[in-house]
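Given next are two forms of a protein chain, the same chain in both, each as structure tokens and marked structure 1 or structure 2.
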Structure 1
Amino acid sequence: MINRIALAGCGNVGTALLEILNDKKKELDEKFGFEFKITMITDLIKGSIIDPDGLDLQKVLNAIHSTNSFEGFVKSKGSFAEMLEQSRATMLAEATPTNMETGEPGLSHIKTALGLGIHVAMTNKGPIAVAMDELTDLAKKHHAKMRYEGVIMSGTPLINMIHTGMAGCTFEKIEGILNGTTNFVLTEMENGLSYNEALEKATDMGYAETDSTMDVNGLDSAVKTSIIARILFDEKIPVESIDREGITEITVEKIENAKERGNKIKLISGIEHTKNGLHAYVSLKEIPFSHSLAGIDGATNAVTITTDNLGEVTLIGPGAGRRETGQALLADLVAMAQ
């Protein structure tokens, strides 16, 4: 069966997904029996293009790479639902920018798709942060699948690992680095860049959110922590009740002072049991060079999960990035097809 894929959001991550699909078309078919056509691409800036028989992916990529637009294609108009139906998509890859308060526009896209029985893979954190239960119920009701590997640690398969390889484990605590941008900024500042230079570089590399405020003020890490609380502990910890710090007050001087004490400054997120219930935090910590998280540099993320059956399991991998996050969508699309 050919999977007809609609893509919502054709910026850094969406384009990376198209590139990977184009590069690996043959391999995906041979190894996983994953055959696909891209039947719709919609983007806030570039507009919308549809072809139920499959868009010419190479031509789309050429247009994006040369003009950052869909030049040479006839643009489609209409509501998202109308376009989705016209495209005859069987799967939606949702990669629009995150809005942590409303979840929009991704939330409406996902609701529309699930309502039509279309499977959804997303990297947009907003919809999961604001409406995980509603979306899960909607997916069940319409026999559609929904996956969101890319909302935490980009393509590093944390969620898949928890749901499959760690099935049956009881979780005691989790601690780690969950935001690529801030970890990258701290590392670059250790290497001599100013805060602003480092943040600009993180944005250029495609690590930062469209609005990087939510990276640097710790909100992105808090949202991820809240989502992990649902997955690991089945507990709703609202983002507002997470003790949260960001890196906005960090200066090169503070980093240098920590270094003289043999320490590094890291933005660390975690969830642990206390006698008052679960405690979730995103906090700046000065940790010794010997600490396992001290060596996690750049946009790399890492988490250590403490369980009953496995003891401690540590997962280290990319936390942000265009292709790294495109990979999360790809893995989810292939898993849903299987």
Structure 2
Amino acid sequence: MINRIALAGCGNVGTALLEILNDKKKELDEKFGFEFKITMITDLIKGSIIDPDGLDLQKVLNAIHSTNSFEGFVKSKGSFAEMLEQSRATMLAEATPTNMETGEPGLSHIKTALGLGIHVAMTNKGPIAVAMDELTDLAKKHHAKMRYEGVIMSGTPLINMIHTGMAGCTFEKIEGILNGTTNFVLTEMENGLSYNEALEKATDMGYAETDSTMDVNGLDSAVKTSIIARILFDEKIPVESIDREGITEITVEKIENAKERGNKIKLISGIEHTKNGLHAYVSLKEIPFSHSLAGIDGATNAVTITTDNLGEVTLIGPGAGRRETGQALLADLVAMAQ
């Protein structure tokens, strides 16, 4: 069976997905039986192109790399639903920018696709954060699959590990570093840069957006913590109910003082059981050098999950990056096809 893929959002992550698909088309077929055609690509800036028989992926990538446009292709128009139907897509890869207040435009894209029985993979955490229940119900109603590995740790397969590798475990606690930008900044400050210098470097290297407010004030980590609470504990913990702080008040002096005490300062996200129920937080913590999270530097993410059957399990991997996040989309697409 040939999987017909529509891509919404052809920026860094969407383009990376196309590159991986193009590079590994033969390998994906031979190893996983994953045959595909890209039948639609839509982007807020580049426009929309459709071919139900499959777009020439190399030609698309050549146009993007040379002109950052869909030069040479006939642009398509119409509503998102009309274009999806015209493309005959069976899967949607949703990689539009995140809006944490409304979830748009990704939320509407996903609702439309699920309503048509089209499977959806996404890296956009906004729709999951604001409408997880609605989307889950819609997927069930229309017998469509929905996966979102990339919304928490980029390409590092945390959700897959929880759902499959840890099946049967009772989860007691999770603690981790969930934001690559803030961890990179703290690492660079340990190396002597000021907060502003470290943040500027993070932006230059592509780890931080031009507006990094969601990262540095802890909101991005809080959103991910809220999503993890649903996945791990099946509990709704609204983002606004999570105790949250960011890194904006951190100084090199505070980092040096912690180092003298044998500690490192990290922005830690966690969920734990208390006598009053689950407590979720995003907090600057001093942790000893011997702590499993102390050695996690740069844009790397890591989580330690405490369970009854396995004790502590720590997962470490990239928490940012265009190709890494594109890989999360690919893994979800292949899993849904299988």
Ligand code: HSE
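Under this definition, the rigid core comprises the largest set of C-alpha atoms superposing within 1.5 Å between the forms. The first residue in the sequence of structure 1 is number 1, and each one after it adds one. A quick note: this is a predicted structure, and the numbers were derived from the prediction, not measured.
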Identity of the form predicted together with this ligand among structures 1 and 2: 1
C-alpha of residue 105 off by 2 Å or more between structures 1 and 2 on rigid core: no
Yes/no, residue 178 Cα shift of 2 Å or more between structures 1 and 2 with rigid core fixed: no
Core-aligned C-alpha movement of residue 82 between structures 1 and 2, 2 Å or more: no
Per-residue CA shift, residue 197 (Å; core superposed between structures 1 and 2): 3.9
After superposing on the core, C-alpha shift for residue 211 between structures 1 and 2 in angstrom: 4.2
